[in-house]
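Before any questions on binding or motion, here is one chain by itself as structure tokens, the form predicted alone.
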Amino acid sequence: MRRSALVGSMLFALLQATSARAEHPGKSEIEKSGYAGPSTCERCHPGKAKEFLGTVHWKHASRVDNVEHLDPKAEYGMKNRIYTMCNGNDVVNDLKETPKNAAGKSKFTGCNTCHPGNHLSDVGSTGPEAEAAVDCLVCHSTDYDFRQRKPHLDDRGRVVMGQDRSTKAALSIGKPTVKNCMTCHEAAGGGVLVKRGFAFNKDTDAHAAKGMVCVDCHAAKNHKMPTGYDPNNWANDGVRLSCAGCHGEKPHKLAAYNDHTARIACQTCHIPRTGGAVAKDFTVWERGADGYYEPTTLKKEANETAPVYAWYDKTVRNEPHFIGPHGSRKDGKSKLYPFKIYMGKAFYDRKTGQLLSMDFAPPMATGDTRAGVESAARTLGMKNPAQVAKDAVPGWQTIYFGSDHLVTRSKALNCINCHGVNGVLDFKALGYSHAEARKLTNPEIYFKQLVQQQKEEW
């Protein structure tokens, strides 16, 4: 009995300790004094706001060392980059009010609506005012009222992004949840599931099915967020992650599968589907039911389309009409990866052949896309913006998006999916000779193994 009582008391003490650790230490102080933004957080976490100003989540740019034709001393990202998923950036599409539409109404728009600040201290800003503008709770509160994060005009006519700085939100702080992350990342590119084409939930991703959240893999240190090597995702905090970081280089029970990991990326077999926008036309905008215009978009749902496979050495081809993986079967360092193919139509400079940026405010109100090109050219200080817009020529850009989510174990590709004569891999297109392709699609490779698996399943 005494032993049982001792065990019981130990368990009770352990539960008490666990409960105490789960409750944020600053709760009583926040209940007493309320929440005043980062200054409240910094009573226990000094220097974190300034630290955050040096990250990609705040700067929307970084130095990039794996993309062709970039200045190694400059920083690139959503702040200043032009490509046809967005066809604009934070510079030309700074958060603003659109001109009035045909119904005499206007609304706020801008690529930096997800920026975790107040817009007065915006992308890349530094100093005490910027530190005070950081929205800590938008990432760390599980009870954040996202309805308060909307732009409005202050009493001086300035566009301000609202924040939920309520005591209620501050009392619910902790590790970022899926909702905290996906509120911005799922809706990027002009709508839900448009850009990346993945929903992170138990029905679409094996990690989510196990109860994992985004930051279990993207585990930040000093607010620097680890990311992969998506050819389209340039800005990074200098911290990279990979499947092998958790699963190792030989994650399978079958040696035949482990033999593939040297040349085949984990994503190739474990992310067999993709989705999101397939194509957009920024030269022709369609009027919606609300009276505003949006780029014509061809969209597929998550898990609705098949990826394209290509060799990737983690360096990026960067051309006016193509952004995608650089690599070869024969270079000794590339692996085979899956990609979502996206094509965007936009305006190019007739003289230089370079892609032109677009300010979305004019076409959003009127549908006049060349007015958007002219406004962007003016903002960027280009000579004779009206002529630039008049002479602009439409063209298509192909972009390869890395497939890094929608991970499945139960529906992963097996031998016949790749090595069958009607498999997902085009071996000739991947650099194999006709004889090699025939050898790689011979049932001798997979027949015995799959028959044995079939018997075990029966």
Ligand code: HEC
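Numbering starts at 1 and follows the sequence shown. Just so it is clear, the structure is predicted and the values come from calculations on it, not from any experiment.
Just so you know, the form predicted together with this ligand exists too; it's not on screen, but the next bit is about it.
Put simply, of C44, V421, V393, A429 only one has a heavy atom within 4.5 Å of this ligand in the predicted bound form, and it is C44. Scanning G288, G162, G353, P251 against this ligand in the predicted bound form with a 4.5 Å heavy atom cut-off leaves one residue, P251. Contact with this ligand in the predicted bound form holds for all three of C181, H207 and Q449, each having a heavy atom within 4.5 Å. Among heavy atoms of I82, none comes within 4.5 Å of this ligand in the predicted bound form. C214 belongs to the set of residues with a heavy atom inside 4.5 Å of this ligand in the predicted bound form.
Contact check for R63: no non-hydrogen atom falls within 4.5 Å of this ligand in the predicted bound form.
Contact annotation for P116: at least one heavy atom lies within 4.5 Å of this ligand in the predicted bound form. Comment: 229-237 is the region of 319-327, 229-237, 291-299, 277-285 lying near this ligand in the predicted bound form, near meaning a non-hydrogen atom within 4.5 Å. Heavy atoms closer than or equal to 4.5 Å to this ligand in the predicted bound form belong, across 390-410, to the residues G402, D404, H405, V407, T408, R409, ordered by sequence position.
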